[in-house]
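Next up: a single chain in structure tokens, the form predicted alone.
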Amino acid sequence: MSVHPKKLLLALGALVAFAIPAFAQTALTITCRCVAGGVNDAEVQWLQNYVIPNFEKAMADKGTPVKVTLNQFGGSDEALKQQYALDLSVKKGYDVMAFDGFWIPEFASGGLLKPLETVAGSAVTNWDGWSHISQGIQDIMAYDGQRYGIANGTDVRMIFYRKDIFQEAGVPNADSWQPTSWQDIVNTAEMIKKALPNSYPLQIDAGTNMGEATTLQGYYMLILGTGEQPFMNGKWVIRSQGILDTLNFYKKIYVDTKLGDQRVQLVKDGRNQSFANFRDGITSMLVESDWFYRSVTKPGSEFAVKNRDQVMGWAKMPAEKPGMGIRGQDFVTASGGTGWVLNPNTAHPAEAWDLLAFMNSKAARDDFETYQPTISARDDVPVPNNPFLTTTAKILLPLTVSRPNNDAYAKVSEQIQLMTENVVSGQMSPQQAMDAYAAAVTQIVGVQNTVDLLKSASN
């Protein structure tokens, strides 16, 4: 039987193609709460403009080509956390994931995350970047003595205020305002409310819809000023004078005096509304992290403050009274941190680690600072030409407290948020809200892991 020459050539070509496979290209995915032109826009620009093209080139030069795809997630932190939990529970999800440090104990104890060394082996242990990240910063992304991710850095919290509104209301020392007690804050808010009756001068996050912002930006910044923390000496504090003082302050601001916008604490997009209120001058004091300056209010953002560096100032958060703060401090702050983790279900653990290590190299983190100056995890990455971050880090980091590295924290934090909501909504008195909190936390962690400081004081 004769075969047409053209058909023979086609058949031979197919055999050659089958015998010599195409050079394999690894596909990697990365995700974060970030949207081009929206939330964390700087992260998107950095990943797309620097990380992905430079990493792909470096891997191609090594003869191990990869293709990296970024998934932008525009929902809330809580929505992202829920998506991660769903993905990881069915062994799916993205190879590299942006992650809040306080989520790690919950995910790790639930078996949804694994230590970096378990996922990617000795390459993690031998990474030279660890020598430039202090143990305290490493601990942001650690649990039970093991590293689960690499931190971007840390942050600090303070009171941001509008100098122009202060001046309009006749507040003394508007350019260098520094309260020394909670009563000083109230006095200033009352002066502004009197001059501008339609304003809500003070924003301290409360309620469940604000999520973790309520716990860390709101509750922590008050409870630390009473000399207490939610978790002390290995136990969760379920009743105390500090809790009552904190809840009574919330009640004064949102229920008794209307110095804060009660509705904003209770609606789903309340945090964004609080940002808009500050932008528009309706709110003139807002307790937030340095992220509020470097991202939320920066020029070009949705909540940009016009002439920001002229009209916006910051002050240390005072203790309830001088010397009454945690460790006997006059002023207090709290620090958290975010970073990146590896999906334990990744099909390409070595390449995923290569990407994570590349993202956290000195060159990559130096480049990130050109998009958004921040307090870096690495001690060899300076903050370029940013007096605000340089000054706040120097002044506030020595005063700071971080959240407990405890696997019950996330559930207790939800109860803190509910406790504040019960008060600011007017549904419960501070005593009733604290009692409900005590019952809920005891059920979560067990009575043996709680302490009632009011009972202890009476014995």
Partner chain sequence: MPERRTILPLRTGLLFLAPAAIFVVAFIVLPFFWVAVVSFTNRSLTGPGALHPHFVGLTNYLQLFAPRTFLQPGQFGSSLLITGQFVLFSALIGQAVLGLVLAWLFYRRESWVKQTVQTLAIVAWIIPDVVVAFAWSAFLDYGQGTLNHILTGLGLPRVDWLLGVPMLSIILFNTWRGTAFSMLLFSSALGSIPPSHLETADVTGANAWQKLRDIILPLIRTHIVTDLILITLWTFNTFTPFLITGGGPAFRTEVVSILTYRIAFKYFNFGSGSAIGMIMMLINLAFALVYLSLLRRREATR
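Please read these numbers as outputs of a predicted model, since none were measured by experiment. Residue numbers count along the first chain shown, from 1.
Although it is not shown, the form predicted in complex with its partner chain is what the next lines describe.
Interface membership of residue 425, its partner chain in the model of the complex, 4.5 Å heavy atom rule: Answer yes; at least one heavy atom of residue 425 falls within 4.5 Å of its partner chain in the model of the complex.
Is it the case that residue 102, even though its partner is missing from this view, gets within 4.5 Å of its partner chain in the model of the complex, heavy atoms only? Taking the distances in the model of the complex, the answer for residue 102 is no, it never comes within 4.5 Å of its partner chain.
Using a 4.5 Å heavy atom cut-off, state whether residue 78 contacts its partner chain in the model of the complex. Result yes; residue 78 sits at the interface with its partner chain in the model of the complex.
Is residue 208 close enough to its partner chain in the model of the complex to count, meaning some heavy atom within 4.5 Å? Looking in the model of the complex, residue contacts with its partner chain include residue 208, since a heavy atom lies within 4.5 Å.
Spell it out for me: taking its partner chain in the model of the complex, does every residue among 139, 321 and 401 have a heavy atom no farther than 4.5 Å from it? No: no residue has a heavy atom within 4.5 Å of the partner.
Picking from 185-193, 344-352, 110-118, 246-254, which part of the chain touches its partner chain in the model of the complex when contact means heavy atoms within 4.5 Å? Correct option: 110-118.
Sole residue of 258, 327, 263, 308 within 4.5 Å of its partner chain in the model of the complex, by heavy atom: Among 258, 327, 263, 308, a heavy atom within 4.5 Å of its partner chain in the model of the complex occurs only for 263.
Candidate from 123, 315, 312, 85 lying within 4.5 Å of its partner chain in the model of the complex - any heavy atom: Exactly one residue meets the criterion: 85.
Going through 382-409, which residues have a heavy atom within 4.5 Å of its partner chain in the model of the complex? Please give them in sequence order. Read in sequence order, the lone residue that approaches its partner chain (within 4.5 Å, in the model of the complex) is 407.
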